[in-house]
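In the form predicted on its own, a lone chain appears below as structure tokens.
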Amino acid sequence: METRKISPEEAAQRLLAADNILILTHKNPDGDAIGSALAIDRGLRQKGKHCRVTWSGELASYFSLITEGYVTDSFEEPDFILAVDLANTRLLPEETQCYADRVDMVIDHHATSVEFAKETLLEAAASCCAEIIVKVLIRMECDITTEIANCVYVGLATDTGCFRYSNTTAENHLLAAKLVTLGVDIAKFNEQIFGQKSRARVEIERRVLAGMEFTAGGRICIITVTRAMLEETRCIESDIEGIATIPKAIEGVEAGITLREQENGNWKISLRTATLDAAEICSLFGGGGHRRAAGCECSGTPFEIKVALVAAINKRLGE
């Protein structure tokens, strides 16, 4: 679908003219996806709009900081469909795939975003979708309440790794400072998002570390999460959010690969890199993302997938 590129001002105008708005995001949503969706939802409700946010799966416990008390509006069919933090409709959960060719607008920050909506607000230089959402809310003349600020902070903090990732900008710190003045308790949020782990998460990390593999002289590290591991530890998807950061955190590792077995037998790949273009590598396998953090989904055996990924990475490492 050919899309029309729009500005935050134009996005605000379109949303203010709409009603019965369905807000979509990707499957297994992270903090930026949920935070962005709930922030724009709450801003639109201030303007008298009817909105419904959809998400798939059980969310991590920390999401209760922003989902508690959320009640969706009821309407049979949406008049307007908005997607946030979604680079490709293939990433929609199964239950919302029926809307894949009906998206009116997408707000996103992924450089690998493909054209699928009638209108696209894309800022690839943005560290998170939530910071783009703030621009739209301001142009809609919404009151940025503490409730909305909390949602924005969850998106900002998770996609910058609590301001540790290379995508963090000066503007991110300024935005965080503004959010604090609006009432965000960052100590509470940071502790619940980054400082706590469920018992199930600790158990699966133990198994993941036991099976860790190194190649390319220690420059590539691979971890694998199987369905059997999830069952043994009674993990849910939200328990393993952020697990892809483990291999890249090891000294000397240039590329950290995480394989996660999916219910359909495919493998979800997460790639984290120090200097290589992770999005470019994952695009070879039908995926995408950011320069230092990207992903894709592959079929085949774990051995076949590892061989293909390592070959692509070695080529760029000059091995």
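Take the two forms, find the largest set of C-alpha atoms that superpose within 1.5 Å, and that set is the rigid core. Keep in mind that what you see is a predicted model, and the values were worked out from it rather than measured. The numbering used is simple: start at 1 and walk along the sequence shown.
This next part talks about the form predicted together with a further copy of the same chain, which is not shown.
Taken together, the three residues Tyr153, Phe163 and Gly218 all lie with some non-hydrogen atom within 4.5 angstroms of a further copy of the same chain in the model of the complex. Picking from 132 to 140, 93 to 101, 182 to 190, 108 to 116 the stretch near a further copy of the same chain in the model of the complex, with a 4.5 Å limit on heavy atoms, gives 182 to 190. Only one of Thr145, Thr226, Asn88, Ser198 lies close to a further copy of the same chain in the model of the complex, with a heavy atom inside 4.5 Å, and it is Ser198. a further copy of the same chain is not shown here, but in the model of the complex it comes within 4.5 Å of a heavy atom of Ser61. Remark: Ile236 does not count among the residues lining a further copy of the same chain in the model of the complex, judged by a heavy atom distance of 4.5 Å or less.
The shortest heavy atom separation between Ile250 and a further copy of the same chain in the model of the complex is within 4.5 Å. Proximity of Ala210 to a further copy of the same chain in the model of the complex: non-hydrogen atoms within 4.5 Å are present. Once both forms are fitted on their core, the CA shift for Ile34 between the shown form and the other one remains under 2 Å.
After superposition on the rigid core, the Cα atom of Glu213 is displaced by 2 Å or more between the shown form and the other one.
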